[in-house]
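Here's a solo chain for you in structure tokens, the form predicted on its own.
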């Protein structure tokens, strides 16, 4: 493998190109793209890649970009797109369609705050808007994880036990435009990891109908099948991790990543790059003699409820940090994670870093101190890091 200085946008584009070339013995590669800050760099690099038996289609909107992916994926091509924020919102109708058609599309989102007022910085609210769309969702902590996640996403999405689209999330500017050394695997290794896509029922010479009408009972059956496929993701993902480690020499992160959690008296739960800051804060707390631990939720859909419940066992104080805000409710991750704690545990939600606000170890230390002083959980706390 060769280390390159890459942004997460470029890491994602190179991974998509490698995956696309790996499907040259089948129906090739196709990407529908439309620019939006901060994901534009990804599609710019992808447009300049030479992919045999592949095409990048420049369209007039994000809605059309996903429509291109739907058509190409239905014919058996390996497909890719990228977007952010309001682009994802405009794309939403076809995002749902790709999932309900059980097409293994892979998309990378550079997380950005939804507007107006316009804000181009990081916030998980755009992809969490799509949490119930039927896509698997992975949240990345660094650029290497973005590249690896795109490759893993194809193998996971294309497994016949799953056949679901996968959304790889990386925070705008925090990762999308930050250059770090990233290992880029050779095409030969990717070829061994990603077999040619053989999509069942793909479009070809025989006429088929896509998107016909469902009667109520048929819809129930289809939703149940979709739900069952989501339930198989964890099992298949473990196989993907093993195959990736065997072929590419490193093991992708688990759906939930614990750090110094086993003997911790209190846990800090988070997603994305905030988790890296939390790890540093945990080390500083341990140096002060405080038994603090961290949990990173890497896979948000399907939600890793059982894994969280195991990590929460015996823990009486749990803080959940969200870089998003469900208005009138609180943080989305807090809302889902708190149900996995044991009865009587204090599970306090904190919202910080929305709109791209900086999150530093000192903020995490303040959250840990607030958690330690509580006798009961209260309403979610909204922290303004910039003040």
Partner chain sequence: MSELTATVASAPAPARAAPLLRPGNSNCPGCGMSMALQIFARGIEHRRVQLVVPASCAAVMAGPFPTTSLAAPVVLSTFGAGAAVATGLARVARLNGDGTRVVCWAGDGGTYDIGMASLSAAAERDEDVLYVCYDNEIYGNTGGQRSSATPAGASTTNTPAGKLEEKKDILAILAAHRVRYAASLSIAHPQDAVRKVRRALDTSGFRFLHVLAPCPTGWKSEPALGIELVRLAVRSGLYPIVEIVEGRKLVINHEPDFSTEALELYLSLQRRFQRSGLSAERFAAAIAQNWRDLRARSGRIVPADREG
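Values in this document were obtained by computation on a predicted structure and should not be read as measured data. Numbering follows the first chain given and starts at 1.
Unshown form predicted together with the partner chain; subsequent notes refer to it.
Annotated contacts: 6, 132 and 146 are all free of the partner chain in the model of the complex [non-hydrogen atom within 4.5 angstroms].
Not displayed here, the partner chain is kept clear of residue 37 by more than 4.5 Å at the level of heavy atoms in the model of the complex. Within this chain, residue 220 is remote from the site of the partner chain in the model of the complex, having no heavy atom within 4.5 Å.
Taking non-hydrogen atoms only, residue 94 approaches the partner chain to within 4.5 angstroms in the model of the complex.
Looking at residue 117, you'd find every heavy atom of it more than 4.5 angstroms from the partner chain in the model of the complex.
Checking 122-130, 199-207, 177-185, 238-246 against the partner chain in the model of the complex, the stretch whose residues place heavy atoms within 4.5 Å of it is 199-207. The listed set 254, 265, 214, 283 contains one residue whose heavy atoms approach the partner chain in the model of the complex to within 4.5 Å, identified as 214. Between the options 169, 74, 162, 194, the residue in contact with the partner chain in the model of the complex by a heavy atom within 4.5 angstroms is 74. Taking the partner chain as it sits in the model of the complex, the stretch 8-32 comes within 4.5 angstroms of it through a non-hydrogen atom at 26, 27, 29, 30.
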